[in-house]
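So this first bit is one chain, no partners, the form predicted alone, shown in C-alpha cells.
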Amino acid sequence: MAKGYLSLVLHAHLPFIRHPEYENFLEENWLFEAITDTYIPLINVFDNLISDGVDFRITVSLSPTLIDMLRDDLLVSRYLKRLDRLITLAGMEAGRTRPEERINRLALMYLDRFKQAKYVFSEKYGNDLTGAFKKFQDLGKVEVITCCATHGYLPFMDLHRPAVKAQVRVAVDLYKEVFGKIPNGMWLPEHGYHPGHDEILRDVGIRYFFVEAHGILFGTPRPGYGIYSPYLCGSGTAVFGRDMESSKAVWSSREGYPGDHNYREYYRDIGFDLDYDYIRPFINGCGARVNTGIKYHRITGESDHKDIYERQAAMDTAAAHAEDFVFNREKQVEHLSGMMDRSPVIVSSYDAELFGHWWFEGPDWLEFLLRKLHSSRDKVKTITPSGYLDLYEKYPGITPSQSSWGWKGYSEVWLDGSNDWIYRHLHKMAELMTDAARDHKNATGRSRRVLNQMARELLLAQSSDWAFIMKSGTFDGYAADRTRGHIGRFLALHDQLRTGNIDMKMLGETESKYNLFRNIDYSVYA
C-alpha cells in the first residue's frame, strides 16, 4: 500500500449544440475544438502510457450530452470537414511561413497535429471516441463515470424531486447503453449538492460522487479526516471532497502552472491576425473571424507584445511543473499520513477542456506527471475513487453541506440578476411534465412521442450551461434563445397533448433537431 494516493478526475462536458438547419453554426465549433484540442490529445496520452507499460489510474467523467454529440452522424461528418479545412490551412501556412524558420516549425507542427487527429478519430477509433474511453476502462486504467443528463443544476430542481431523479436516471440509462454497465460514480453538475440527493444516486446504483471542499468541511458531523478520505452519507453512497491546493495549481491561470510565460498564448490566433481574404475560407460560414487553433505566440507577459512560441521550452516547463506537482503532493502526503490512521487520498478534479484547449501543454503535463508518479509509486500512487473505496472496510459517516463550486461556493453563479428569470419557467415545466407522465401511463403512438419529446425539451432547458453563459456575458444571446426555445416547444407540445391535436410536422422536426437520448422513456418523471 502506498503512503498516499492521488485521485485525478477530469470532467468532460459540453452543452448539446446541434443545428442541422444551418450549413455552419458557430457554437458547434465548441465541440470540434474540444475534440481536436482536448479529447484526442488525452486519448493519445493514455495510449502512449499503455504502450510503454506505464501503470496509471485516472477518472474521466463524460457527460451524456457530450456522449450523444460524439456519436452523432451529422456532427461527426461536420467535424471531419472541419479537420480537412484545418489540414488545408496548415499546409498553406507551411508554405507561407517558409522564410520564417521559427514560425514555419510551428506551422509544420500544426499540420502534423491535424493529420494525426484525423487518423486517431477516423482510422484508429472509427469516428467514435467513446470507444476509446471504453477501451481504457476495460483495461483498468481509466474509470469512466457520468454526469446528469443535461448538466442540470440539481439544487435548484429540488422543488420537484422527479426532475432530479430524471436527470440522474436518463444519464445512467445512456451510460449503460454505451458502456454496458452502471457507472460507479457521478459528477454532480457544478458540484452542486443538496442534502438527500445522495439517496437518488444510491437508488440507481451510483457508488460515489464529489463535492467541493467546504461541502465536506462544513458537513455534519465534523469530518475527522478533513477532505482526505471519503465519507458515507446516510444513504450509504460515498462522497469525496475536492482538494483545493492541488486543484488550484492546475486550474488557476494566474497562480497556477497554465499562466507560465513559456506556454502558448490562447488569445492570439491567425484567425484574427492574418489578412481577411486569406483566412475567410477557413473561418465561420457567416464570415466572422474565429479561432482556427493555429497560434504562433507564447504568453510572454502581461503586455500586448507576444514572443514567438518555442515548443521545446514549453515542454521543458511542463516537465518541470509536473515535477513540482509531484513534489508538493509527496510533501502533502507526508504531512497528512502523520495525522491519519490510513493512507490519505488527494482528489484533484478539473474541467477536462482545460487540458489542451485552454492550456495547450496540459496533456503533455499530465503525461509527464503520470510517468513520474509511476516511477515513484511507493510514495504517491494514482487511484480511482472506486479503488480507494476498496482499500478499507469502514469509512466515517457525514451529511455534506449544501454547496457548489464557482464564485463563493453557494450557487451564486447560477442564480443572479442575469439568469434568475429562467427558474419560474423550469419549475412550472417540471410540474407539468410530472403530471403529464402520471396522467398518461403506458402511452403509445403519437402521444408517447410527444411525451418523450417534452422530456427532452425540459432536460435541455435545465442545462446549467445556459445560466452560466448568461452570467458570464459571453454568447448570452444564444443561451437565452436556447432557453426560450425549449420552454416554448415544451409548452406547445404539452398543449397538443392536452387537446389531442398533435402537429406531426412540428413534432417530427423537433425530434430530428433535438435528437439526443433516442431511447428516453418519459415515465422517468412518473
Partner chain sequence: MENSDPVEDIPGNADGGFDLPRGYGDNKITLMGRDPGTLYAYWEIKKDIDSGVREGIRKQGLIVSKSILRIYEAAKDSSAAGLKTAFDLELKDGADNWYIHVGGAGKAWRVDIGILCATGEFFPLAQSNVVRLPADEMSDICDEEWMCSEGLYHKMSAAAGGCDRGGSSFEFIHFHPRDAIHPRDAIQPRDAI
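Positions refer to the first chain, counted from 1. Bear in mind that the values here come from a model prediction, so they are computed numbers and not experimental data.
Not pictured, yet referred to below: the form predicted together with the partner chain.
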- Message: So if I measure heavy atom distances to the partner chain in the predicted bound form, which of the stretches 134 to 142, 259 to 267, 68 to 76, 319 to 327 falls within 4.5 Å?
- Response: 259 to 267
- Query: Of the residues Pro223, Pro183, Pro363, Gly293, which one places a heavy atom within 4.5 Å of the partner chain in the predicted bound form?
  - Reply: Pro223
- Of the residues His297, Arg242, Arg207, Lys381, which one places a heavy atom within 4.5 Å of the partner chain in the predicted bound form? Arg242
- Message: Please tell me whether the candidate spot formed by Glu23, Trp251 and Arg424 is one where all three residues come within 4.5 Å of the partner chain in the predicted bound form (heavy atoms).
- Response: yes
- Message: in the predicted bound form, is there a heavy atom of the partner chain that lies within 4.5 Å of any heavy atom of Glu334, even though the partner is absent here?
- Response: no
- Does the partner chain come within 4.5 Å of any heavy atom of Gly219 in the predicted bound form? yes
- Can His357 be called a contact residue for the partner chain in the predicted bound form at 4.5 Å between heavy atoms? yes
- Query: Phe56 near the partner chain in the predicted bound form, any heavy atom under 4.5 Å?
  - Reply: no
- Query: Which of the residues spanning 26 to 48 lie within 4.5 Å of the partner chain in the predicted bound form, based on heavy atoms?
  - Reply: Leu26, Glu27, Asn29, Trp30, Glu33
